[in-house]
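Read the single chain below, which is given as structure tokens and is the form predicted on its own.
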Amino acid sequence: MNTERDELFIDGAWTSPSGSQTMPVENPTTEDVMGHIPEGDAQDVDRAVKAAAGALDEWSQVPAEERAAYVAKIAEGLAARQTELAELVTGELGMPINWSNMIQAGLPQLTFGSMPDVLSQVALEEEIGNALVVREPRGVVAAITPWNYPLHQIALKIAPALTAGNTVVLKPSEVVPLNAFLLFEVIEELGLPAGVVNLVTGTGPVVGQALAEHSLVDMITFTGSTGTGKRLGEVAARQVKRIALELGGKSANIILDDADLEQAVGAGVFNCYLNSSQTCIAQTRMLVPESRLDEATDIALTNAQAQVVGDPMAEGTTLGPLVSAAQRDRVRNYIDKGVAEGATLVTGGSEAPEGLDKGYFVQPTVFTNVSNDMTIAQEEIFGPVLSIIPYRDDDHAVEIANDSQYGLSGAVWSGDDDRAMGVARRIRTGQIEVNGGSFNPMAPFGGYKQSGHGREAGKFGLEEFFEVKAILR
């Protein structure tokens, strides 16, 4: 497993960056440096974008079915290296290895491999009177991706962008970047035409900004914080670029008074804590009837205390470290703020878990008697902190759930499916689970309000990367 990287992938080949600076990659479990990557700059971005622009005409003329077949082969290459990939992401990120194997290594394969089928669901040409309406690639795509589900987020952008006939320059997160190099080794073996897809690593303010501002970039697709998304949106607006944004979330898990409380609360705690809550769709607000608050709190306490915090490579670990010291400290500050603002701390806290002074660990934390105007109920924490919020009736629950700047995901639980569906339809969010509906990787994914705009995954994700042209005859 190669964790020392000193080259970028530009114009079909591994090439030295313009500068000599490197960036360390840290293992959040041990706090040791596990590798290095090049610190790219604007010159590297310029080379990569020009390579992508130069390859656009040829790649866009390749029949769409052939492009999709190319992309599907990436899944085969990743499958051959699944164990290596899962262990690599666990080392970089800290997600427990069993979940890394299933999610971090498995989902990208599904996304790449699904492209031929997804393409068949989109009408590339259709007749409207004397107009032939055709879907064509947008052009050069700048893909800027996060660290929490690193390769999955890369796949959600690269796979449909290439299938649609675009060329791509990728800037992965510099915090969890090594998996992107493994992906590009797979891509290199497939022999895609030079310049079709390029890799430039570095920081957001340097590489990300240069990508967003480059005059030859036609579209920006970004997943990350709402603050960064706003700044990229301003850049895109100045140049009238297309932009797709998948941003933050503060999802509400509404448990109605006729729900199976044991099941609903248990599932809610699991969803909240998955990947140490470093998940944009984490259900971090649990809304329960006032009459059942104490009962729900006791169940949440039991489930939180059952979490096994520790080495993510160890059998049985359910909660690994946070990704960095900065993220750990940020989450601990939120916990302290929750106490200061009057929420009741049920379990956890801002101190290090017992016996885990090394590594960026945070205790699984539960607050109850939280009001929705508290900081911990309004801001995205990105750490294992659950807020239990009491409500009076269904209308009040809907009001609380919608009282957020975000609208990415959520859940509703009820003993009556029709009642649950009625509440789910009133929640202003891009995705919502009803009575434990399972994650669907082909369903449209994206948000309302400040959770972004545009959709990823499946045919809706593919459609984001097309322009629509009317040819009048």
Ligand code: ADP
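Please read these numbers as outputs of a predicted model, since none were measured by experiment. Don't overthink the numbering: it's just position in the shown sequence, from 1.
As for the form predicted in complex with ligand ADP, it is not shown, yet the points below apply to it.
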item: Partner-proximal stretch of 202-210, 289-297, 310-318, 126-134 relative to ligand ADP in the predicted complex, 4.5 angstroms, heavy atom; value: 202-210
item: Option touching ligand ADP, based on a heavy atom within 4.5 Å in the predicted complex, out of Gly91, Pro364, Gly195, Pro172; value: Pro172
item: Listed residue (Thr375, Asn333, Ser225, Thr302) with a non-hydrogen atom within 4.5 angstroms of ligand ADP in the predicted complex; value: Ser225
item: Proximity of Ser114 to ligand ADP in the predicted complex, heavy atoms at 4.5 Å; value: no
item: Touches ligand ADP in the predicted complex: Leu232 (any heavy atom, 4.5 Å); value: yes
item: Touches ligand ADP in the predicted complex: Trp147 (any heavy atom, 4.5 Å); value: yes
